[in-house]
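In the form predicted alone, a lone chain appears below as structure tokens.
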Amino acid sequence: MSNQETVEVFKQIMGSYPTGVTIITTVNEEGSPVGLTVNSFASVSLDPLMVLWCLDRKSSHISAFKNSIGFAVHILAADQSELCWTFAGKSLDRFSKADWSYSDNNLPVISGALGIMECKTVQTIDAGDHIIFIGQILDINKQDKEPMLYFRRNVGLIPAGWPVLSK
């Protein structure tokens, strides 16, 4: 199998791996909000509370995130699909389509998410064509909403009747 074929198979496998969906935000060097849709997100530690996410080095937002002191993670709710695709697109005017404000930590925070974690960046790690950002949670809040799921290039509500397995 050629390298390109291997990459395509990898993309198909990862696209079939259901994940949650986030929007990660920060401010750039001018103090303006920047943000993008990310599904490469995971918890890292409970003590202290830490999370990680990955950003492609070719992203137009790479310098904003590398030079900021923190970021906000928005765990999207199932009813935020339009916002998900807005922040996944190329539009530079993403925040005009969102209800948002600056938090006490001077981070852009979008309303309506299932959960929001405001983080200070504690480490970045070079990892191939991506950079891994690790953040310690400074502030956290949650709303009683259903989560958004990403699966095979689609987003939406976890299907009704989803099997619930217990020990």
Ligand SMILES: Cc1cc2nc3c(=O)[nH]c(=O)nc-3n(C[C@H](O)[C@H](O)[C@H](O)COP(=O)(O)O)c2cc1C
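Numbers follow the displayed sequence, beginning with 1. Model, not experiment: these values are computed from the prediction.
One more form of this protein exists, namely the form predicted together with the named molecule; it is left out here, but the text below deals with it.
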Candidate stretches 111-119, 98-106, 136-144, 39-47, one within 4.5 Å of the named molecule in the predicted bound form by heavy atom: 39-47
4.5 angstroms heavy atom contact with the named molecule in the predicted bound form for residue 88: yes
Can you tell me if residue 61 lies within 4.5 angstroms of the named molecule in the predicted bound form, counting non-hydrogen atoms only? yes
Mark residue 66 yes when one of its heavy atoms lies within 4.5 Å of a heavy atom of the named molecule in the predicted bound form, and no otherwise. no
Is residue 27 close to the named molecule in the predicted bound form, meaning a heavy atom pair under 4.5 Å apart or at it? no
If we check the named molecule in the predicted bound form, which of the residues in 115-135 reach within 4.5 angstroms of it by a non-hydrogen atom? 130
